[in-house]
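Heads up, the chain below is alone and in the form predicted on its own; it's given as structure tokens.
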């Protein structure tokens, strides 16, 4: 029971962090049709911006300023980069964002170095919130939960229940009509791209000290973000949330299972080869999200909650 409870708790926290990171990519794709390969790089920028700001002020100011700075960089990228290559089609956009990811990685290495920085959990949140089964549970993980839930509710309300959300969605399908009504459509697109990058930056502020802040963090989180978005359904915010929670709980639970394939096959009355029998479920945990991706693409290519375009 202890293993189950902690696996669910940690899996839920990890899933919410994945959703915070993937929601920005989902927002950009659903509103603009751009699959941003550099999205995880803005996650990294958020962590490094927060680390730098914390060295001058405090974590709470960094929690606000770092996503704003990451969003500002994203707006500049859209205005002076993506907007110019957009006329050449989606392939040009993908190549542009792919090169942008490498550019941001090199800039981070030049400014902050190649080693991990000492970005720690703030002292105000570095304490035990409760004790369960004799183990202490840190307050910072619950803080991640509240931030992620607040972001989810705010984003849903903004897009579904406000005039700004209606303008954003209308600008995607009928940009000329929205322009004739007096709205600045290019500014809307630039703001959406900046907001998506800011959400990635917010995930970096929260996750940078939860994991580790180093130049490899974008490469480590980038593939899993695309898994979440594709499994949930391209452009579906609800699907991204469902997929993030599923992958978070699945991967975290698998890490705590030390049973080997010999044990599993023996329980089923089968025999496994010596090479396969030595492999444990915990060793396969990092590959489970990608296995889920393959299965979803085979059985349901549009994702869990995606809608296939006609």
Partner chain sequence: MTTNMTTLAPSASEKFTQRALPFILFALLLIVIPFIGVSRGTLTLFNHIGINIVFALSYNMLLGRAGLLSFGHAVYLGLGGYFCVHILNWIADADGSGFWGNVPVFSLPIFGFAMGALAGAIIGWPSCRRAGTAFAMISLGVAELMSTAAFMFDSLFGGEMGISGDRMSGPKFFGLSMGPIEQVYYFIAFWTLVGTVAMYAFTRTPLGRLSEATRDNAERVQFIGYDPTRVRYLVFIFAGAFAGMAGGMSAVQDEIFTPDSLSLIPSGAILIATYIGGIRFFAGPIFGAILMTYMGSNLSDYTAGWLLYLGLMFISVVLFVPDGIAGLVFGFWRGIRSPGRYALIGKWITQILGLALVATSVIVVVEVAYRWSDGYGDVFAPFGFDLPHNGALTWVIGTLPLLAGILILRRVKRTESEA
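Note that the structure is predicted; figures quoted are calculated from it, not measured. Positions refer to the first chain, counted from 1.
Note that the form predicted together with its partner chain isn't included here; everything after this is about it.
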If we take heavy atoms and a 4.5 Å cut-off, which stretch out of 193-201, 149-157, 235-243, 103-111 is in contact with its partner chain in the predicted bound form?
103-111
So in the predicted bound form, are 92, 287 and 294 all sitting within 4.5 Å of its partner chain, heavy atoms only?
yes
May I ask you to state whether residue 140 is within 4.5 Å of its partner chain in the predicted bound form, using heavy atom distances?
no
Wondering, does residue 161 line up within 4.5 Å of its partner chain in the predicted bound form on heavy atoms?
no
Close approach of residue 96 to its partner chain in the predicted bound form, 4.5 Å, heavy atom
yes
Should residue 230 be classed as touching its partner chain in the predicted bound form when contacts are defined as heavy atoms within 4.5 Å?
yes
Using a 4.5 Å cut-off on heavy atoms, what residues in 211-226 are near its partner chain in the predicted bound form?
223, 226
